[in-house]
Ligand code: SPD
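Below sits a lone chain in structure tokens, taken as the form predicted on its own.
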Amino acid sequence: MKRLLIVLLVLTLALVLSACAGGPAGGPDSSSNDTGDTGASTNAGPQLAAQLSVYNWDDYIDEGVLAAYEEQYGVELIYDTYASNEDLLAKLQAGATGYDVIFPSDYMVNQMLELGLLAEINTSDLSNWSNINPAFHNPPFDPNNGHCIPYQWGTTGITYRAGDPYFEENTPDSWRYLFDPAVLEQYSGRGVNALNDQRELMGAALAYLGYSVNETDRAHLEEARDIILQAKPYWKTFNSEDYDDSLLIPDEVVLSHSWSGDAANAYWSTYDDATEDGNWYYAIPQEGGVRWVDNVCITASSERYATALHFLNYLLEPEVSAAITNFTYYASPNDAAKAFIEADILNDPGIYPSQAVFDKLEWLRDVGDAIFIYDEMWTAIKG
């Protein structure tokens, strides 16, 4: 019901905005790098293409946001989804050239830049860029935001079933609840899920061992591989695509390696007004781990550059950014959106952690040639 209300609110917003002059301004005019931008015209500046292809993570945007853009600007959005950064990269490296807008995570932006897969942008062409918190300006993986804008950010930790007998006495505040066989024996029969994500799972194991999540030393990476292989027999599933909806909410597992927004979705989807509580809690392990930011970028192969840039600027509208966060339960880098984000989300330390917790976490960074060692470890883990 909560998500349905958000969709209705966004659709209403589209009707209000379409009655007004303007809209998301900025972007190049129709003569620059946009040979496919020959579709609908708007009073927002560029001639917009009839279609725009958007490739995003599964369940990572309120569909009302997409519908509102189509309604207001007359652009049909061709929307497709992927399950991991590696899936996205593999698709583009295989020669897929039809995608215009993509949503890679921090470290993947760096890899894609090295491969020449991303178009340049100039944030001065985005009238809504000033809404972004300066903490997300000039990230190390994309200097001066020259190719991408921040979309959503969050943390990675452990989601566990409230009311489970074991967790009533033992709060899973350490990665040992995911990796220690002696601990896993206590509840693994009731189901444990690990994220099917190379860097996230290896990063969690590395943090548990006391190493950086961006470790490049082969010996340390082999330690992490072995920790994972020892725990793997106790895991029921490898799922990073829809585990909140398919595993957490229907009680198919009692513990999961999780992203913060998916944990919040499971909590609010099982919230009971009578008890004023949900079925799922989230903990950031004391050893530290990953904080991350997903980004919106335009592919180097896009023939609809102006329309893609127009869409990026639309996503920076305060009400639009807030609708996305209210749907995904991930934190927004958009300061102007906070006025429209639900109070329960803004006040949730699992979504907006304290500075002390934030400082214990690391951004995932490009590991250079060590990525081939990660690939080797991942092949052994998934074999």
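Position 1 is the first residue in the sequence shown; the rest follow in order. This is a predicted model, so every value here is computed, not measured.
Separately, the form predicted in complex with the named molecule exists; it is not shown, and the next lines address it.
Three-residue candidate spot 57, 200 and 292; every residue lies within 4.5 angstroms of the named molecule in the model of the complex by at least one non-hydrogen atom. Comment: 59 to 67 is the region of 350 to 358, 334 to 342, 59 to 67, 315 to 323 lying near the named molecule in the model of the complex, near meaning a non-hydrogen atom within 4.5 Å. At least one heavy atom of residue 364 is located within 4.5 Å of the named molecule in the model of the complex. Within 4.5 Å of any heavy atom of the named molecule in the model of the complex lies no heavy atom of residue 329. In the model of the complex, none of the heavy atoms of residue 302 sits within 4.5 Å of a heavy atom of the named molecule.
The closest heavy atom approach of residue 73 to the named molecule in the model of the complex falls outside 4.5 Å. Listed residues 159, 193, 265, 85 were compared with the named molecule in the model of the complex; 85 is the one with a heavy atom within 4.5 Å. Checked against the named molecule in the model of the complex, the residues 208, 280, 259, 177 give one hit for a heavy atom within 4.5 Å, which is 259.
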